[in-house]
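One chain follows as structure tokens, the form predicted on its own.
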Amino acid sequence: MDATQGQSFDAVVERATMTLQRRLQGRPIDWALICGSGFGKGLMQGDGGLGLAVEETIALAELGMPTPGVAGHGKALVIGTIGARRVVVQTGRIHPYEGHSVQVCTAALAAALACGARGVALTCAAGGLSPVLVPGDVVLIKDQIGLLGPTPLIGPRFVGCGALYEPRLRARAQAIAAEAGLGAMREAVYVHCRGPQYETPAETEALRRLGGDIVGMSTTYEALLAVAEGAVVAGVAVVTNVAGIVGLSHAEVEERSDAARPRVARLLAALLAEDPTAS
């Protein structure tokens, strides 16, 4: 059963925030990281992980939230440190296509922001729209087209979106990639489609003509909430398939994400060790 049934959005966020505050015991948060398909568990473990020194693990259910029902997504918030920075990692993303409101889907992020996080890193799997991208590529998100997707903002919250994905963080990520021998990273425009169905060939062509480079079913609403709350945002996507072709499967998405995880982890481990607000 959805743990949020019968609760208002404010009640869900209030419970999540109070639970996180209690578990933090006054410790500051620097970053919130949301893990996309296939990333959550792997980023926490082994040589291909973030190197997070874990302090606390909180089940999403303890926050009063539903748990992700999609394979490859974890079910917890993990609090820990990378160097001098404290990071809250959401090991699994909740999607609107699972039947939840977008406000409920972003409640854990809202709690992290309320507890002081000023940097947000978003990871995701995406289909490739641009012909220069191939499955397995790791790209930085430079902008988004969220016209087809939901927004977590309610009421007259007129948020400027001229630089949703912080240019300074993108430049730093490029420098980290070069220093780590990962090579130059392409930057991409992410298009949100609601899902859970994959895009048709006609839809794929339309999205390409709109200016999209990659397409997915998440991420845009989290970026909007983060910027609305004054945080800076970095987005990293793995191209897991070519959008619009025959034979797409979620198993392929998980496989490609898992293969790219060590590269993503090396990039994020270095980025999240830094002050998100440093100029």
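Keep in mind the model is a prediction, meaning the values are calculated, not measured. In case it trips you up, residue 1 is the first one in the sequence shown, and so on.
What comes next is about the form predicted in complex with hypoxanthine, which does not appear here.
Check your understanding: Which of these stretches, 24-32, 57-65, 210-218, 229-237, has heavy atoms within 4.5 Å of hypoxanthine in the predicted bound form?
Key -> Among the candidates, contact is made by 210-218.
**Study point:** Contact label in the predicted bound form: Val253 to hypoxanthine, heavy atom within 4.5 Å
**Key:** Although hypoxanthine is absent here, Val253 would touch it in the predicted bound form, with heavy atoms inside 4.5 Å.
Practice item. Report whether the minimum heavy atom distance between Asp137 and hypoxanthine in the predicted bound form is within 4.5 Å. Key: Close contact is absent here: in the predicted bound form, Asp137 is far from hypoxanthine, nothing within 4.5 Å, heavy atoms only.
Check your understanding: How about Gly127: is it within 4.5 Å of hypoxanthine in the predicted bound form, going by heavy atoms?
Key -> Contact check for Gly127: yes, within 4.5 Å of hypoxanthine in the predicted bound form.
Point to revise | Interface membership of Tyr198, hypoxanthine in the predicted bound form, 4.5 Å heavy atom rule | key: Yes, Tyr198 lies within 4.5 Å of hypoxanthine in the predicted bound form.
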